[in-house]
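First comes one chain, alone, set out as structure tokens in the form predicted alone.
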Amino acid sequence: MSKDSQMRAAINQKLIEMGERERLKELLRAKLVECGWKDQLKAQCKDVIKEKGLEHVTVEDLVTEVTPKGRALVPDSVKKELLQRIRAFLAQHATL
């Protein structure tokens, strides 16, 4: 395991242990709903189903096709806020 992978694992473990990971997930969900991301993604899914036909689309196909678009649709402001919260958490718990 590389040094970077070890650091990521340690950070993730700390976030889980302290309950911060769940709080960040809830914040992310709320922000994505607030900015209309969920509705945009739902529309993307409907478009894919319309294009390919309901009987020709599996959940896996839908996830594979929509995931890159979904990631691209997350507003920069949401990404920045999440990153700031993670950095603040790490600054408070710098014993990693």
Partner chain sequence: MKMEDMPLSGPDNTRLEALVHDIYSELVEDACLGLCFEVHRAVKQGYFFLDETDQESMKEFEIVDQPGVDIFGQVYNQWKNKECECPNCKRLIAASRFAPHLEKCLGMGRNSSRIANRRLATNNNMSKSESDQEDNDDLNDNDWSYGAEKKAKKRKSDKNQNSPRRPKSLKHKNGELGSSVSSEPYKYNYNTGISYETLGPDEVRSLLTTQCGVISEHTKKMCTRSHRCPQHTDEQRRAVRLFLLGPSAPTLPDADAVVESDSFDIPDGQTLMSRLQWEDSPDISPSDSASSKASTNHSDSRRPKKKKRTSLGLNSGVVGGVVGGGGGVVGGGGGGGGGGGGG
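Model, not experiment: these values are computed from the prediction. Numbering follows the first chain given and starts at 1.
Just so you know, the form predicted in complex with its partner chain exists too; it's not on screen, but the next bit is about it.
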Next on the checklist: I'd like to know whether residue 31 contacts its partner chain in the predicted complex, with contact meaning heavy atoms within 4.5 angstroms.
Outcome noted: no
Item to check | Contact flag, residue 18 vs its partner chain in the predicted complex, heavy atom cut 4.5 Å | outcome: no
Checklist entry - Any of the heavy atoms of residue 14 lying within 4.5 Å of its partner chain in the predicted complex? => result no
Item to check | residue 35: touches its partner chain in the predicted complex, heavy atom cutoff 4.5 angstroms | outcome: no
Checklist entry - Which residues within 35-72 place at least one heavy atom within 4.5 Å of its partner chain in the predicted complex? => result 37, 38, 41, 42, 45, 46, 49, 50, 54, 55, 56, 57, 58, 59, 62, 63, 66, 67, 70, 71
